[in-house]
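Given next, in structure tokens, is a single chain: the form predicted alone.
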Amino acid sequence: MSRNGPLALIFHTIFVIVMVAPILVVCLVAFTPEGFLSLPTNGFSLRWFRAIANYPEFIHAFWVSLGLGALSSFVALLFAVPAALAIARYRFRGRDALAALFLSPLMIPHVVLGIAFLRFFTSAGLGGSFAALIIAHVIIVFPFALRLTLAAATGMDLSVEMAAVSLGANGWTLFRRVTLPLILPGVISGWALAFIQSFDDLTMTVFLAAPGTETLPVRMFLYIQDNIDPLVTSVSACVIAVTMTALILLDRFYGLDRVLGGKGDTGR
């Protein structure tokens, strides 16, 4: 097994510092007792974490983001799984064009999508509604769910399905007992990436969100337009803590390599 050379280690060290340093700075600033953004600080305080309770808008926006991300990712998977199976298994006229159409939201700037969705949903009488947010988020996260599900479906061993059919399994039993378990790592990976994309989206959502349907990134963006204090950093630190806890639990009970890499059973 080859070992990393000095240049590779230096590159990895710089990469880790660049990736982790902004997160550490945000977390350190969140503990400042000052009324302004400062680093280094004159001690540590939970002042701005307690201040979150005085702004229920942030808590409401968090639950909106959580529900929106989970629901839009689930709906995207309902379309992505049959689409991935069809593209992976069948050769038909327009197959490549259909795949390109499904992935096209990745190539369109979210600013353009936001303006287009705003115009469309306003004309349809859905402007500012939660339903409009779900539809828009399903469209932008669908490519992420499709790509990883398609990767799992493409690498699936079809002989297992043929064996199940030869034993008398019908279509639904074949999908439920054979096909879905085989592509499940890709499906879970697709859901996870779609959820992250939906939860983190600001550029498009800011055009569609209205009072009552503001997501957490939109609420934070609107807050920093009028305020310069460490409250947003404390909210960010809470989100980072929740994310880290979720990743640790996910790795403990399922395995991050299976979720993020779409790998099969690793013997856990």
Partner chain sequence: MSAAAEERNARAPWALTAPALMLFVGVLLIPLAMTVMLSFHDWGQYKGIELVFILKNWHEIATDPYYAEMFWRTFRIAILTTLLTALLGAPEAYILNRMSGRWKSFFLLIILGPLLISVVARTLGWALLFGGNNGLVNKLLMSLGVIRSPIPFMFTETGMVVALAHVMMPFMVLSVWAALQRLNPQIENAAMSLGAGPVTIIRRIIMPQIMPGVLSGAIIVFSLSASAFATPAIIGGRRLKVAATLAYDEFLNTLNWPLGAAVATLLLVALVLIVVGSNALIERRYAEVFR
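Positions refer to the first chain, counted from 1. This structure is a prediction, so every number in the text was calculated from the model and none was measured.
There is another form of the same protein, the form predicted together with its partner chain; it is not shown, and what comes next is about it.
Novice: Check, residue by residue, if N42, A70 and L180 all come within 4.5 Å of its partner chain in the predicted bound form, counting heavy atoms only.
Specialist: So, no: the whole triplet misses its partner chain.
Novice: Within 4.5 Å of its partner chain in the predicted bound form, counting heavy atoms only, one of 107-115, 182-190, 152-160, 165-173 shows up; tell me which.
Specialist: Flagged stretch: 107-115.
Novice: Give a yes/no on whether E57 approaches its partner chain to within 4.5 Å in the predicted bound form, heavy atoms considered.
Specialist: E57: no contact with its partner chain in the predicted bound form.
Novice: Can you check whether L46 is within 4.5 Å of its partner chain in the predicted bound form, heavy atom basis?
Specialist: No, L46 is distant from the partner.
Novice: Within 4.5 Å, heavy atoms only: does A210 come near its partner chain in the predicted bound form?
Specialist: No - in the predicted bound form, heavy atoms of A210 and its partner chain never come within 4.5 Å of each other.
Novice: Please determine whether G128 contacts its partner chain in the predicted bound form, using a 4.5 Å cut-off between heavy atoms.
Specialist: G128 lies outside the contact set for its partner chain.
Novice: For the stretch 196-217, which residues lie within 4.5 Å of its partner chain in the predicted bound form by non-hydrogen atom distance?
Specialist: Result: I196, Q197, D200, L202, T203, V206, F207, P217.
Novice: L249 and T149: their C-alpha distance differs by 3 angstroms or more in the predicted bound form. Do they come closer or move farther apart compared with the shown form?
Specialist: Closer is correct, given that in the predicted bound form the C-alpha spacing of L249 to T149 is reduced by at least 3 Å.
Novice: I want to verify one pair: T245 and R147. Are their C-alpha atoms nearer or more distant in the predicted bound form compared with the form I supplied, knowing the change is 3 Å or more?
Specialist: Note: Cα gap between T245 and R147 shrinks in the predicted bound form.
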